[in-house]
Structures are given as C-alpha cells and as structure tokens.
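Just the one chain here, laid out as structure tokens, in the form predicted alone.
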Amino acid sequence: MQHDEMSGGSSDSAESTAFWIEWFQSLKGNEFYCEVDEDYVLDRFNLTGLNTEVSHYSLAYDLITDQNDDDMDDQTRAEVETSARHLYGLIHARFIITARGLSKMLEKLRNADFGRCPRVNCDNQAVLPLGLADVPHTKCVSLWCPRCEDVYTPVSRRHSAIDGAHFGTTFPHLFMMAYPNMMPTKTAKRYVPRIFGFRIHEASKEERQQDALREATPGAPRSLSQEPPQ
C-alpha cells in the first residue's frame, strides 16, 4: 500500500513537471529548446552546482516541478518566474549533450527548426544553435552552419534574445561527432566579384590590400595614385 502511494506521488510529480515544460515550450521564441525529459529534471544529480548560478533557486525549481507555494507577492513571483526560465535553460544546456538530448536535437535539425544558413553558397543548409560563451548573461545564442562553419545571428528578435549559455559552446560540435553522417560536404563554391561580367583582376585586389595596409601604417609611403596634386 505504501509502495502504491509512493508510486502515485512520483507519477503526479512527473505529470506536473511535464505541464510546466510543455507550457514553456509553447511560448513563442522558445522553438530552439528541445523538451527536457522529466526524469532528467527530477534527478537532482543532474542539477549539481546550479544552485549557485540561479537566484531563488529552490523556488524556481519548485515552480518548474509545480511544487511551489502560491503564497508569494507579485514582485517575488515575477523574480521566481524569471529564475525558473533561466534554470530550465541551464538544465537544457546539460541535457542536450546527453544521448537522449542529442537525439531530440537531431529531429529538430532534420526539421530545420533552428533555421537555415543565410549564406547563398551553403544552399539552405540547416543550422544548429551555439553559445559563444558558457557563462550566463554574456552572449546571446548564435547559429552555427556545419557547411561553412561560420556563425550567424538569428533572424528573429525573439531568438536573438535567448541566452547562449542555454546551449553552450560544446553542443553543435559534439552533435556532429555523435552524428557524423549529418556533417554536410564542404562546398568549394565562392562568390566571384565581377564588373560588367568580367572578373576583377587579382592585381587590383593586391593593390587595394597594399593601400589599406599603408593607410593603417603611420608614416608609410603612399602609392602614386594617392599622391595629392601639386
């Protein structure tokens, strides 16, 4: 009988946790996040050290697991809500580098949920979210293209406001190691500048580079074309 009561309590907790997570996932701008498994959230071992990084940690955790006390004033509730979202983001950063998390992000990549590379020669390559820093509140999330291996700012303002620490610096590169078949073939295509259909001669590029170098070097002699009229 006692075992049944304990099982029932665990089930209720899992259901309530899923409810908050589903609500968070449904918010506009949170499409980059995958749904963290309830079992992962409920295992306190996975949250080791996060109590020092999130204000109102206990209240925020209780809110995520729907165990919070409703007896809070409006200001405290607003602060706890902000902390809960940040806590979930930090949990998310840890979850997506697990086998289960990587598999969920794989489905999102296949659906191009993170968008596509804006570079024309990448042929609409699907991108992955990347944090340029692991320290929270340092950098917003960026998008990494596995074809050109460059990073870009998300198109939507809602996405560009996401903390990069909620994805971390490791995720996209570990993802490609876990799923090497998802690494696209590198493209050799490069944009070739032309004037009236003719390619610009390499000598003119070198001259421009030399002129730029002279401008950046105080006291350096200038080219004849830059000499002022007498």
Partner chain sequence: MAANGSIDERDFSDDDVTDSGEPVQDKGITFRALESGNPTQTITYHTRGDDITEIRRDDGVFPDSHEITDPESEEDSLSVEDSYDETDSETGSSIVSWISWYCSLPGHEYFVEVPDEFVEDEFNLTGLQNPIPYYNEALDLILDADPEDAANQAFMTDIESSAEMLYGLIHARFILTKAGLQLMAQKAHDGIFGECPRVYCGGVGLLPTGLSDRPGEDTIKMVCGRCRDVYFPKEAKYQSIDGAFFGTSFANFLWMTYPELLPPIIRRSATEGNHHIRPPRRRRHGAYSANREDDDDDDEDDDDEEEEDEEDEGRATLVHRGHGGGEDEDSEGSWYAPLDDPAHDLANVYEVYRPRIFGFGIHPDSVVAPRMQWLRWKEGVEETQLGR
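Residue numbers count along the first chain shown, from 1. Because the structure is a prediction, the values reported are computed rather than measured.
Although it is not shown, the form predicted together with the partner chain is what the next lines describe.
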Please run the contact check for Asp73 against the partner chain in the predicted complex: heavy atoms, 4.5 angstroms, yes or no? no
So, in the predicted complex, is Arg194 in contact with the partner chain at a 4.5 angstroms heavy atom limit? yes
Close approach of Thr48 to the partner chain in the predicted complex, 4.5 Å, heavy atom: yes
Examine Glu53 and determine whether its closest non-hydrogen atom to the partner chain in the predicted complex is within 4.5 angstroms. yes
Under the 4.5 Å heavy atom criterion, name the residues of 146-161 that approach the partner chain in the predicted complex, in sequence order. Arg147, Cys148, Glu149, Asp150, Val151, Tyr152, Thr153, Val155, Ser156, Arg157, Arg158, His159
